[in-house]
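Shown below, as C-alpha cells, is a lone chain in the form predicted alone; questions about how it binds or moves come after it.
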C-alpha cells in the first residue's frame, strides 16, 4: 500500500476509529467464545486482517445523527460477519486455496467444514442484528442474505455463458456485492434515528459505492499481481465468471477467433488465458474503470444533500479509495 493510500485510509476511518476498533475487538473475541471443534477454525476464518470497509460505512452512516453507539457497533459487527460468511462460502464454491494471502477454510479443512462454518458465521451475524431490536433493520438484513445467496447462484449458473448481457452482470454484482453495501449504509442511518430522506440517500450511496467496488474488483482481477490479489491473475475468468472487462472486450471485438471458440463451447485454459492477455493488452480496463468512476460520481451525488460533516468527508474519500485501491 502506497503512503498516499495509507493516508487516505486513515482519513476515512478517523471519525469512527474508536467504534471500529471495538468492532474488531468483538470480532476477535468471538474466536474464544465460539467453542467450535477444530483447531483454530474460526481464527483462521476471521484472522485475515480484512479492510473493515463495510462496518466503517455503517458507523459513518450513523454519524449524521446522535445515536446509541452500542447498537451501531453491534450492527457493524453483524455486517462484517455477514461479509466473512460470504467469503467462506465463495472460496468453497470456487475451490480457492488462498484468500488475502492465507489458506482458505476449504483448503485446510475441506468443503463440508467450509460450508458448515459459513452457515455458522451467517447465523452468528443474524444474532447481532437481532440485538438491535429494530424490525426494519432485521428484515433488510434477512433480505440481504437472500440477495447474496441469489448472487452466488447467478454466478454459478452463468459460468462460461458468453451471451449474458450487461444488465445480467449488473444484477449479479448488485446481489453479490452492492446489496451488502446498501444494507451497511442504510442500517447505520436507521439505527441512528436520522430522517427517512437521509437513510434513503445513504442507501443510494451504498448501492453506487458497492457497484463501483465490485467493478474495480473485476478490473483488478486482470490488472493486479498475484501478490496484490492473493490469487492468480485472471482467476475469475479461469473459473468461468464473465465480468465487465470481458463483456466490453467482446462487444468491441466480437469476431476474435478465440471468442468464436468459446461460443462453440470451448473451456480450454489456453483460450481463457489468451482472453486474459488480450484484455490486459487493450484499453478495455480503462473503459471498465470509467464505468466504476461513473458509479463513484453517483455515490458522491447521493451525499450532496447531507450535512457536510466529518463523516460525509470520510464517505466521499471512501469513493476515491475504492477506485484507486490495488487489492
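Residue numbers count along the first chain shown, from 1. A quick note: this is a predicted structure, and the numbers were derived from the prediction, not measured.
A second form of this protein, the form predicted in complex with a further copy of the same chain, is not displayed here; the remarks below concern that form.
**Q** Of the listed stretches (243-251, 109-117, 191-199, 217-225), which one has a non-hydrogen atom within 4.5 Å of a further copy of the same chain in the model of the complex?
**A** That would be 109-117.
**Q** So a further copy of the same chain isn't shown here. In the model of the complex, which residue out of 233, 98, 138, 237 has a non-hydrogen atom within 4.5 Å of it?
**A** Flagged contact: 138.
**Q** Residue 159 versus a further copy of the same chain, in the model of the complex: is there a non-hydrogen atom within 4.5 Å?
**A** Contact check for residue 159: no, nothing within 4.5 Å of a further copy of the same chain in the model of the complex.
**Q** Just to confirm, residue 176 within 4.5 Å of a further copy of the same chain in the model of the complex by heavy atoms?
**A** Residue 176: no contact with a further copy of the same chain in the model of the complex.
**Q** Does residue 164 reach a further copy of the same chain in the model of the complex if we count a contact as any heavy atom within 4.5 Å?
**A** No, residue 164 is distant from the partner.
**Q** Even though the partner isn't displayed, in the model of the complex is residue 130 close enough to a further copy of the same chain, meaning a heavy atom within 4.5 Å?
**A** Residue 130: yes, in contact with a further copy of the same chain in the model of the complex.
**Q** For the three residues 41, 89 and 146, verify that every one has a non-hydrogen atom within 4.5 Å of a further copy of the same chain in the model of the complex; reply yes or no.
**A** Affirmative, all three are within 4.5 Å.
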